[in-house]
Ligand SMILES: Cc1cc2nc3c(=O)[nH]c(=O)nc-3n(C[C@H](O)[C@H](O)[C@H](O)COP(=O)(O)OP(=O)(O)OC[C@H]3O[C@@H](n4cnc5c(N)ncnc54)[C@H](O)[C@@H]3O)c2cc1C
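Given as structure tokens, the chain that follows is alone and in the form predicted alone.
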């Protein structure tokens, strides 16, 4: 069957299994572990044209409020989840507005935007362990959340539900410069800021910088912002495009690094680097997996050779 994906690559999979109810999990017994590929909305993957595995997709759509947490099915669209939170006075997650994908995919790479990461609100994750063949609940500490990383990158778990906890009061996180500047530029008084207004501001800011994948196929940021040891680089290096972190580390702007070597790249006509944000790669039409992989490798090599900085690809590359 053909697999829809936000990068617009033509992809065909051998088999497909939708997990709609707990009973559907028994169907996994007939599939060899190494032939299972777990996918959500396919908004953060680069897929080869032929996938010789069984695609497994979770379609739990329920949202249920418990006394201490909110339980959300892994198949719920992330945009719908944000809307639910706004309508039910669940605070803190406004900065993650307008991120494409599903709730079940969010913990995998610990999605983040404008200074906020989803792990800050996760209580636990309910999943199916492919090694033990049992359902289990993994609490936040066991998830081993890091920048764009978690235990779920191991591919040993199928996320069924994500349980969230939220602050009792609205305390907006405006630490990210681009968001703070947007509010200033649009004369939005932070003292009168509401969750709905902050969410709408984030949406507008994202739309001004990132293209709609339905119109211009893309997977968002194509590289992660690299973390380097602060003392390994001259203090003037990439000034204005870096952020000091804890423990003597600095986060560099991958977008700025790409801008500095963009003129050296050999880019096929099927692809282009987005005019408003150098971290976004656009499929102009008929791009192939090999086109994409070759260009990403080319960017990585040039930046390493020129700046001694190693870039890590953010979307998952699935070659077969």
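Numbering follows the first chain given and starts at 1. Being a predicted model, the structure only gives us computed values, none of them experimental.
The same protein also exists as the form predicted in complex with this ligand; that form is not shown, yet it is the one meant from here on.
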query	finding
Candidate site 82, 122 and 172: all three near this ligand in the model of the complex by heavy atom within 4.5 Å	no
Contact residue in the model of the complex, from 283, 54, 278, 44 (heavy atom within 4.5 Å of this ligand)	44
In the model of the complex, the residue from 203, 209, 144, 155 that sits within 4.5 Å of this ligand by heavy atoms	155
Contact of residue 38 with this ligand in the model of the complex (heavy atom, 4.5 Å)	yes
Partner proximity in the model of the complex: residue 218 to this ligand, non-hydrogen atom cutoff 4.5 Å	yes
Close approach of residue 226 to this ligand in the model of the complex, 4.5 Å, heavy atom	no
4.5 Å heavy atom contact, residue 112 to this ligand in the model of the complex	yes
Stretch in contact, per heavy atom within 4.5 angstroms of this ligand in the model of the complex, of 181-189, 236-244, 86-94, 155-163	155-163
Interface residues of 94-108 toward this ligand, as seen in the model of the complex [heavy atoms, 4.5 Å]	99, 100, 101, 102, 104, 105, 106, 108
